[in-house]
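Just the one chain here, the form predicted alone, laid out as structure tokens.
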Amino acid sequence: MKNKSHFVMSPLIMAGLILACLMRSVLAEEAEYTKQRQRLVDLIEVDVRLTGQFLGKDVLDEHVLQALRKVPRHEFVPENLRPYAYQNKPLPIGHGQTISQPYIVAIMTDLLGLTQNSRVLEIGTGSAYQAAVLAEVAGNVYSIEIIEALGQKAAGLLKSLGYEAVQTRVGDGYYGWEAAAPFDAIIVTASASHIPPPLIKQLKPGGRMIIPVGSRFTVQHLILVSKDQDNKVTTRQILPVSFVPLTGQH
């Protein structure tokens, strides 16, 4: 009787094969997310053209569009909602808060007129998606979150994804970040009943602020605030929106 030989795969080879399979899976997943981000940008561009009369333009800055193509929105939503990460709609992130609709993120970022030298203050870090988009377009981003659990989570996520240009802290954003002021641009991601005076004060001459104004139970409007070189402040109503309210003791 002939002896039968058996091939025994070494643990090292087995580990290598498993690693290769995992790498292929990760690369395939990332390729799919890249396609989904591009489809999302295509949808946003259509919405921008449809609302161009309100925005005063029908094409967004390419730097903003490129940021949306790059930032992995699926990393900023709860894991069970990742299949919906690249739909053009807001999603819950816990604590009664939401991650904004990508179209809204896009137009708010664009209306600030940012450059790589811009110093930006964000009120309402939330999941940190908006902060990440800002960091792709501007030089320095400061972001404040009033809910401690969200603020700490956002700070850790931004660091893990390499967004070193974003500085975060927990606090009441109504009062801004005086120690880091003045700012070229300020973005508020929660609705206020009025434009907070401390934020106007911390805006540089020539700067812009974008903020939703109105209450939860009335029509809110996205307002573009501009401060000229003589510190004269003007406002322009952009379009109706729906945001969670700005909270704090004020």
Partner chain sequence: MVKAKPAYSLLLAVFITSACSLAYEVLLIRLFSIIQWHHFAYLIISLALLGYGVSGVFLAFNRARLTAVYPRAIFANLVLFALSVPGCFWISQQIPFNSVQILWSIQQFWFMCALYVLLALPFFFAANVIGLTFYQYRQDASLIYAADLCGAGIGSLSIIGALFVLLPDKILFVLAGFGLSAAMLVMALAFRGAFGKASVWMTLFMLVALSAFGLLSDMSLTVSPYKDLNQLLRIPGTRVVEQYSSPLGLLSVVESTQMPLRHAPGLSLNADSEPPPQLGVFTDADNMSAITQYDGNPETISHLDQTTSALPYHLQKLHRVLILGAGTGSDVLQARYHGIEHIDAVELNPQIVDLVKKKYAGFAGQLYDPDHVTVHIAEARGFVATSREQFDLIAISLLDAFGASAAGLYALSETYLYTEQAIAEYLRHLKPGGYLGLTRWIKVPPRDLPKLIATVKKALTHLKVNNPERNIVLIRSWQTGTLLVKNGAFSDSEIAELKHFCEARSFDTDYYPGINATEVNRFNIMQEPYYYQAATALLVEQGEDFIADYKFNIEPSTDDRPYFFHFFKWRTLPEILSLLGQGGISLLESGYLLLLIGLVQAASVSLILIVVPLALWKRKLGISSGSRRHFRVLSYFSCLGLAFLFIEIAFIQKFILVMHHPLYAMTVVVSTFLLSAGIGSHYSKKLSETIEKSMIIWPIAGISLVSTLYILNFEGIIDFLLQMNDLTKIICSVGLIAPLGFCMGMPFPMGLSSLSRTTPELIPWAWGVNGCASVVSAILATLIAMQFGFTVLVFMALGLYGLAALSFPGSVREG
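Numbering follows the first chain given and starts at 1. We call the rigid core whatever largest set of C-alpha positions still superposes within 1.5 Å between the two forms. None of these values were measured; they are calculated from a predicted model.
Separately, the form predicted together with the partner chain exists; it is not shown, and the next lines address it.
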Is residue 45 close to the partner chain in the model of the complex, meaning a heavy atom pair under 4.5 Å apart or at it? no
If we define contact as a non-hydrogen atom of the residue within 4.5 angstroms of the partner, is residue 216 a contact of the partner chain in the model of the complex? yes
So in the model of the complex, does residue 234 come within 4.5 Å of the partner chain, heavy atom to heavy atom? yes
How about residue 50 - does it come within 4.5 Å of the partner chain in the model of the complex, if we only consider non-hydrogen atoms? yes
Assert contact_stretch over 29 to 37, 66 to 74, 180 to 188, 216 to 224 against the partner chain in the model of the complex, heavy atom within 4.5 Å, equals 216 to 224
Among 78, 139, 156, 96, just one has a heavy atom within 4.5 Å of the partner chain in the model of the complex, namely 96
Check each of 60, 210, 41, 200 and return the one that places a heavy atom within 4.5 angstroms of the partner chain in the model of the complex. 200
Residues in 56 to 91 with any heavy atom within 4.5 Å of the partner chain in the model of the complex: 88, 89, 90
Given a core-based superposition, decide whether the C-alpha of residue 187 shifts by 2 Å or more between the shown form and the other one. no
Taking the rigid core as the reference frame, tell me whether residue 238 has a CA displacement of 2 angstroms or more between the shown form and the other one. no
Closer or farther: C-alpha pair residue 241/residue 94 in the model of the complex, relative to this form, given a change of 3 Å or more: farther
Checked in the model of the complex: CA of residue 197 to CA of residue 214 differs by 3 Å or more, atoms lying farther
